[in-house]
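Before any questions on how it binds or moves, here is one chain, the form predicted on its own, in structure tokens.
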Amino acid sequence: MTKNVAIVGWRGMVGSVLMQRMQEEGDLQKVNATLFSTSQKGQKNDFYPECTDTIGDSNNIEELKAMDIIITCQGGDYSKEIYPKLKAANWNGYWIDAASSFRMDEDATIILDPLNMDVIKTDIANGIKKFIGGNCTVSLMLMGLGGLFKEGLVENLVSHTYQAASGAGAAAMMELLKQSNDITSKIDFDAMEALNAEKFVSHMLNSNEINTEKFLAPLSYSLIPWIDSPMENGQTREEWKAMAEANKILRTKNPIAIDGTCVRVPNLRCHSQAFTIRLTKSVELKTIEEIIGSHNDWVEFVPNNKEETLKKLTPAYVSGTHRVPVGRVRKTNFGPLYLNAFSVGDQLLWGAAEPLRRMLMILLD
């Protein structure tokens, strides 16, 4: 029987990418999908012809209860408000969520099926109903380095991230663009010398003349080495997620220590990460390259040379694609157990929307 599927938050950035992917893959033809909204509830659906004609009310528990599966990209506040109400109303459907609110709950599974399909299937069989997309950099790290984790070669890992503005939402992307425009529109490129231009930019960044509502500090021509809220141990919550979520996704018996610094950079889309990995044993570099490059259909090993690094190990190469290139792979000066690597991935795809639509297909199968 065709499943009734609710899609909430479909107009946001992650939701828009999810809908695009579902259309590309023909997913919407496999279900009876209804769009849900608060601002457009009850209106005619003129957006996605594959979905039902009328837009549902995303706050109406009775309407939502009629759904077998609910996919939400609406955000954590919505999830924390609506899911308990649904459970109190004896709803027993599947909840697929892009927000972080339930990730670490005991009765929730973080989904990344190229890494943990066995975990997902076991949890479905055991009656788990909450399936949650992981943190963007964690998912991209595991997609790129999945082969090393699968072979038990990672003893511990340091990941320094370079995270795009889009990780903070659509309004943040636009704030970055506006900051850049507010600065460059006032520069006379033909008349101003480089040092004077730099002095002018520095003045602008330290003035109150550019909007910093979303980032609370200038990001254009700068960077922000702080993402999310503080933890008691000195990490930010974004940094804490790496170890907590990766080990939950992999269901490791002995947790792998993961740490690092998360940095917001003035890039619009795609997150990059630099890794220092301590291996559990010394392995030849050629074998490591083969293990990384053969793990899944989307990882792309990039040989450690300048030409291919400049061509492929960049957000420009990855944006809008499912590719997860991994390069700069080499042994470090610390010894044969230490490995250096660098990866890039589109956080709106593998880091957000793609695991959700794939989870829906797993439930349908």
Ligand code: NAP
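None of the values given here were measured: they were computed from a predicted structure. All residue numbers refer to positions in the sequence shown, first residue = 1.
If you look for the form predicted together with this ligand, you will not find it shown, but the lines that follow are about it.
Only one of 117-125, 182-190, 203-211, 94-102 lies within 4.5 Å of this ligand in the model of the complex by heavy atoms, and it is 94-102. Screening 54, 38, 29, 332 for any heavy atom within 4.5 Å of this ligand in the model of the complex leaves a single hit, 38.
For the residues 73, 292, 154, 143, the 4.5 Å heavy atom test against this ligand in the model of the complex is passed only by 73. Put simply, residue 260 is far from this ligand in the model of the complex: not one heavy atom of it is within 4.5 Å. At a distance threshold of 4.5 angstroms between non-hydrogen atoms, residue 14 is in contact with this ligand in the model of the complex. At a distance threshold of 4.5 angstroms between non-hydrogen atoms, residue 355 is out of contact with this ligand in the model of the complex. Within this chain, residue 345 is remote from the site of this ligand in the model of the complex, having no heavy atom within 4.5 Å. Residues in 300-332 all lack a heavy atom within 4.5 Å of this ligand in the model of the complex.
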